[in-house]
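Below you will find one chain, with nothing else, as structure tokens; this is the form predicted alone, and questions on how it binds or moves follow later.
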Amino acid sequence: MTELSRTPARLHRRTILRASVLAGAGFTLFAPLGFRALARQESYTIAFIQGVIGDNFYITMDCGARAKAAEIGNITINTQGPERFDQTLQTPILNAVVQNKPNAIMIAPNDRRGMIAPIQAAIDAGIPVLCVDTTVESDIQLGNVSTDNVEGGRLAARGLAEAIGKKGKVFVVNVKPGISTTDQREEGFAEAIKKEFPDIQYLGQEYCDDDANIAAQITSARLQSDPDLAGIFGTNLFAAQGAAAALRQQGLQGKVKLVGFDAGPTQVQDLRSGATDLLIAQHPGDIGEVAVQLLDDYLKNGTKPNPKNQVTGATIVTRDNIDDPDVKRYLYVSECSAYELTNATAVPAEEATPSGEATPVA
């Protein structure tokens, strides 16, 4: 058994961030009039617009947000999301939310360019917008809270490389182009394979449109065209779920190694059954908790997130460590009664593990 299989791995070396990242600055007489008015309010409404409704990743994030709101005691969370990860479906939801005039919006944008204008419209209406998980190619948002996805991709590459003996063919089942998080995961994966594993041939990526059925079709086709395929990386819950289904259908689970990003109930079941060999669990509940705390600080006294870009951790999940309490706490939930407040913190994005530096597994 390797160190990778025995020991939970965290994406960042720091597990505790200085309290000043999340602590609000004191209110002063020089605060803008708008913030003085907000500070006198007894309660706030935060609209949470998920990337897609029904995804255990976003359900867990919502649970984290609600748990933090309940702890603070003066915040109501209203949650909505599109049926598919599609900016044409998310935009009208955002527009309708703006009409209801919440005090703030936290949103997982469905497209890093296409959602800039709708978010700007919300800001122009006087509503602060914080991006969670995904983001936009702009500086208009109040801040960003996400997983360090490039390093998460590197982590997936290293885990898959060890699983296949550091040689053979691998490919990636991705979601769709233009999504900041999954683009970054593939970037980190490809970078680590190229730099660290010369005997592994990277066959590139194919997109499943965030649909597990399409992911299964893509994987089945790849298994036919490359019968000597050694490993697969699914960049999100649906990509990995579909890849696992294809491996089961062809009786190749355990033979073709699979690393999945995310740790929803179906993926956990796939890991336990052997259809998946390794999971990279994000900490979506932490993202929700941090986002609500940041917005509460801003609404009460105008304190902007400092730094603007903050990241939370990720944990390697294997069959050997899945029941470890320090790992099990990061498995995604399907409803909020199973969620426990973690009082999470984040680290500045610039303090995340730099490119080319090995990720510790112990």
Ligand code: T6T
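Note that residue numbering follows the sequence shown and begins at 1. All values derive from a computational prediction rather than experimental measurement.
There is also a form predicted together with the ligand; it is not shown, and the following applies to it.
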Counting only non-hydrogen atoms, choose the one of 322-330, 306-314, 290-298, 57-65 that falls within 4.5 Å of the ligand in the predicted complex.
-> 57-65
The ligand isn't shown here, but in the predicted complex which of 111, 133, 151, 186 has a heavy atom within 4.5 Å of it?
-> 133
Scan 181, 141, 90, 174 and let me know which has any heavy atom within 4.5 Å of the ligand in the predicted complex.
-> 181
State yes or no: in the predicted complex, is some non-hydrogen atom of residue 233 no more than 4.5 angstroms from a non-hydrogen atom of the ligand?
-> no
Is residue 282 close enough to touch the ligand in the predicted complex, meaning at least one heavy atom pair within 4.5 Å?
-> yes
So in the predicted complex, does residue 237 come within 4.5 Å of the ligand, heavy atom to heavy atom?
-> yes
Pull the contact list for 77-98: residues with a heavy atom within 4.5 Å of the ligand in the predicted complex, in sequence order.
-> 85
